[in-house]
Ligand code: NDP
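One chain comes next, on its own, written out as structure tokens in the form predicted on its own.
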């Protein structure tokens, strides 16, 4: 039996708590692929799991970390063999299935994607589920038929993980990007990723008219609530907004006016279900379209010993871009 280091969340008569500890192979859940984890990352959902501010964790004990990359050590799955480098994310990892903040993992090969050529495990985690979600938003807008020639694309929550990658991706494929942030000190950072315009979050934070001046051909929204309602009301004829987050709230205090008077479409995007064909396509596009220098610019690597503190900071909106966790 192998004992390994892990971060675990427990809930019992002593309360809800997250801490550093050890687990063994016997604690791992069913799966047909065993992996030595090399890198993970911190997502907003991980912060909620650590702090208990939302019911993310569905079983205890839980190893958090909804993303990880590593090397296969054993497999009975037809698509994977020992030595393969793989990426995992979503699929209930870190929620109902033990996650990536540990030295070892076991899960279904149907949840895995081979590490795309040209990406290191650390770079893959700088992208992570946040970047995968951003890429799925871009693909959704493209399938809808929108192109950079139609105008400006707005990205809300642009300083965060999904927003940062979305800004970089959209700029790379030719869009004029308007980045929305509540942190003016991040303007230069966002411009370095490709943003052409910085919009103060306050402009979209107060309830507005059902129809406002047309500013955007498309949008990627990570915020929800009033912010999304204002983006919809400022989207031009036949435009669309890909919605993928709820940092401000689950509500949508909007009117039908943008939909029935301007033909605006609201496109939902989620990155939890396996859907391997879409995941493979998205990871291949990320490896091709995301500038490696921008990956490094939007990410910071930390040791696992800093993970819990930084996870709490991400919930408070104090993290810029992506945090990569190096699993020693």
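Keep in mind that this is a model prediction, so the values were computed, not measured. Residue numbers count along the first chain shown, from 1.
This next part talks about the form predicted together with the ligand, which is not shown.
For the options 99, 239, 161, 258, the residue carrying a heavy atom within 4.5 angstroms of the ligand in the predicted bound form is 161. 223 is the sole member of 223, 154, 107, 195 with a non-hydrogen atom lying within 4.5 angstroms of the ligand in the predicted bound form. Contact with the ligand in the predicted bound form, judged as any non-hydrogen atom within 4.5 angstroms, is confined among 206 to 214, 174 to 182, 109 to 117, 144 to 152 to 174 to 182.
Contact check for residue 166: no non-hydrogen atom falls within 4.5 Å of the ligand in the predicted bound form. Within 4.5 Å of any heavy atom of the ligand in the predicted bound form lies no heavy atom of residue 304. Although the partner is absent here, residue 130 lies within 4.5 Å of the ligand in the predicted bound form, judged by heavy atoms. The ligand in the predicted bound form comes within 4.5 Å of a heavy atom belonging to residue 44.
In sequence order, 247, 248 are the residues of 247 to 264 having a heavy atom within 4.5 Å of the ligand in the predicted bound form; the partner itself is omitted from this view.
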